[in-house]
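The chain below stands alone and is given in structure tokens; this is the form predicted alone.
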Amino acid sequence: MNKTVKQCRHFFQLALCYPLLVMAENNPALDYEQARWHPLHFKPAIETATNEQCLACHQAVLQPQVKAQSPAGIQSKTVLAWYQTLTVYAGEQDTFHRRHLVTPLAKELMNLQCNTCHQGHDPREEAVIPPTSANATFTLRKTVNPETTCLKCHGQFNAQLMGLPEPWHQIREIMGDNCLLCHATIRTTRHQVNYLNSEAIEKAGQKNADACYGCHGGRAWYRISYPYPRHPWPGQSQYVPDWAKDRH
């Protein structure tokens, strides 16, 4: 096998195993396999795990890691990442976990915890590393389910459902660049979930429509819309349209 490929695979394997090695090192009574199967990685323990417990081993996810230059030689300062294209994001490029946990925008609008997204997994069903050509009957089980995590906030902007003629980025000027032009009286109770700071989001939306559009289409995750929770609001009709059924 090519030496470079071997090195890359070895590095990838170490990157995945490192948090577990740290857990084993911090607790001499644990070896690697015991750390891998620690109850904190599974339900029900993971449902009540604190960020401090997770970050005791996974602290590396909060370390700045964006490279100044890509392998192709492109300087990160000369281009915009997709999340930088909206006015509510400030600063240089940052990593995925930091943008959801520790950046100023994350602290202002979000209340995400490690186990908001990471809800447990089963190593017995993970694909082996390095990959094998044999039929090992493993499934590639994700440690995060995008349908119950990412899409809670990052769905495609559903202009048709809202009765708008075009997507928001094409008609925002016509609408005064103001989501609350309509939503001041429509669906007035929003974001009532424990992983968001609802009051801060409402205030941010009053100042800048990008605070709304950033999640609702501006940073879409997959090209589908998502049935956001439908919270009751004052004066809401008792009739529930078909598109809103099963939204809790």
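Quick note: we count residues from 1 along the sequence shown, nothing fancier. Only the largest set of C-alpha atoms that superpose within 1.5 Å between the two forms is called the rigid core. Source: prediction; values computed, not measured.
In what follows, reference is made to the form predicted in complex with a small molecule, a form of this protein that is not presented.
Although the partner is absent from this view, K43 stays clear of the small molecule in the model of the complex, with no non-hydrogen atom inside 4.5 angstroms. Remark: Q84 counts among the residues lining the small molecule in the model of the complex, judged by a heavy atom distance of 4.5 Å or less.
Interface residue remark: A68 is not counted as part of the site for the small molecule in the model of the complex, having no heavy atom within 4.5 Å. Heavy atoms of Q170 never reach within 4.5 Å of the small molecule in the model of the complex, leaving it off the interface. Core-superposed comparison between the shown form and the other one: the CA of A81 exceeds or equals a 2 Å shift.
In a rigid-core overlay of the protein, I224 has its C-alpha displaced by under 2 Å between the shown form and the other one. Put simply, V193 and Q238 spread apart in the model of the complex: their C-alpha atoms are 3 Å or more farther than in the form shown. Panel note: the distance between the CA atoms of Q238 and N194 is larger in the model of the complex than in this form, the difference being 3 Å or more.
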